[in-house]
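There is one chain below, alone, in structure tokens, taken in the form predicted on its own.
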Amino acid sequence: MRPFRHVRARTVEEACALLVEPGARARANAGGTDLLGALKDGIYPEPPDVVVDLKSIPGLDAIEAEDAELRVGALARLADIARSESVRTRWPIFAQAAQAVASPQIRNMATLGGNLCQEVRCWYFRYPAGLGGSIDCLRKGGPRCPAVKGDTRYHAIFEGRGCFAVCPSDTAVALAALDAAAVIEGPGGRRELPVQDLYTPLGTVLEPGEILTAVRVPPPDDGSQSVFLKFTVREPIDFAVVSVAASITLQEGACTDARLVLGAVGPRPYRALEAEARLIGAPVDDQAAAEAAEEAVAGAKPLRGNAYKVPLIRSLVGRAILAAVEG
């Protein structure tokens, strides 16, 4: 690992200033479970010479449910989110998604902000520099995505454009289904945007000097029920091959609102709008769930190595819908 200067920020403003310090290449560090591994493997074409520690900023780890809204600081540990009684009771898919991440040891260190902003797991991007030199992929400023003609088993089948690496965050999928907002602060001030819009095909929308400070989750609708399901190769510690967050609102036996968000299938959480529309206005039974699951894969464009994700999505969406309505 190349040497770097470690600075403990005391405030959000100080952290933002350090990240754009003239002449320095800086990166923010929260729990460190992703960044330190990336530094050890040398995956960055321009590794940082300054690492700004955010853990020393007071208050960024708070989990607060006030006025029916949930606000979770970016430094809240995934283990604490999964254990929170208020989150488990009112926003269960958020707790389920946090619990689904990796192992207990990692959840005790990893933070919400780190999970949302982590680097992709694409093996071309992650190829260690010590094993013959890094691969010059599009995400690193190269001319093309080598996955297109290579091994695409775990790559995007929706919204793939240029880079086909998928967003690896479990919590992003649940938060997108909950219509949550990401709170971002930086040199230009404070802004909010839907969690789903935090991502671009080549990373996040964070500008130089900006950091994610919190997530705001609105209160659930009356009668809403939800579930988060995740398929992995190595249960239960692996990254998702496909995940689904389903939130279904029922009134007098009929679906009045539905949110179906897919994970690990595109550069950001993918909302299956056509599948949602199929559910609204009618009772949710086996047939409705099957038809919605079929709609969920209608726009898929698999690469040559990941067409298997289509039936996997179909199965997982159908199961998630029925599991949600059954409570």
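Numbering starts at 1 and follows the sequence shown. Given the structure is predicted, the values throughout are model-derived calculations rather than measurements.
Below, we turn to the form predicted together with a small molecule, even though it does not appear here.
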item	value
160, 242 and 300 each touching the small molecule in the model of the complex (heavy atom, 4.5 Å)	no
Stretch in contact in the model of the complex with the small molecule, which is absent here, among 249 to 257, 84 to 92, 208 to 216, 187 to 195 (heavy atoms within 4.5 Å)	208 to 216
Proximity of residue 109 to the small molecule in the model of the complex, heavy atoms at 4.5 Å	yes
is_contact(residue 28, the small molecule) in the model of the complex, heavy atom dist at most 4.5 Å	yes
Partner contact for residue 34 in the model of the complex: the small molecule, 4.5 angstroms, heavy atom	yes
Proximity of residue 179 to the small molecule in the model of the complex, heavy atoms at 4.5 Å	no
